[in-house]
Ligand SMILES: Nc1ncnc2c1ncn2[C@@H]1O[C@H](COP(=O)(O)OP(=O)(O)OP(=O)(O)O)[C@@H](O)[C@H]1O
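So this first bit is one chain, no partners, the form predicted on its own, shown in structure tokens.
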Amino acid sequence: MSVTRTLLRSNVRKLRQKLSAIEQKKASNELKQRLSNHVKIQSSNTIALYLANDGELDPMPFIEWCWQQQKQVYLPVLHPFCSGHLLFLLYEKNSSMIKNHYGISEPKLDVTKICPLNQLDILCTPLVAFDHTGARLGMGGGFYDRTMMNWQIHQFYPIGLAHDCQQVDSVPVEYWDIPLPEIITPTQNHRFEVTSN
């Protein structure tokens, strides 16, 4: 099964990396429209997002919309002493940024700007592939699976963000994979029945 997951991850990453700059920009603007019209997002104040990397669907136009609406945006930061875990730090236009060891920009650690999971309203997660059941395949580090493990208890709402080309027939699922209640692409809102974990 791990070979299948590895192969699927590789194939879908290549698909999204092939998207042109024009296609990426169009997808980002369509995503902004979908998210800004989302009922749960309109009633939310604290939203965790990410900075696009490796051809991921870019939420930056939506982040700018959040700032205009006075919503607080948080970005994932690699936990400094709890390996494999994420913290979420406030992200503002003037935030001081550093590169983590994956080469991804993240806000410079400042404990006064951390948002505990139970104070997040929405957590938007990137993903590599997804299927019609809401199964999500990430980059393989398990960071978001650990973060979303008890999302119903923490009471934030997770939404996966992906290009349309990232939908596949079936994602091979492992016991640690956390299915999502909703995945949004530039053209569709996919909603799923997710049982409590």
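Every value quoted in this text rests on a predicted model; they were computed, and no experiment measured them. In case it trips you up, residue 1 is the first one in the sequence shown, and so on.
One more form of this protein should be noted, the form predicted together with the ligand, which is absent from this view; the next part is about it.
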property	result
Distance check, His163 to the ligand in the predicted bound form, heavy atom within 4.5 Å	no
Non-hydrogen atom contact Arg5 with the ligand in the predicted bound form at 4.5 angstroms	yes
The ligand contact in the predicted bound form: Arg146, any heavy atom under 4.5 Å	yes
Gly134: touches the ligand in the predicted bound form, heavy atom cutoff 4.5 angstroms	no
Stretch in contact in the predicted bound form with the ligand, which is absent here, among 63-71, 137-145, 38-46, 152-160 (heavy atoms within 4.5 Å)	137-145
Contacts with the ligand in the predicted bound form, stretch 16-48 (heavy atom within 4.5 Å)	none
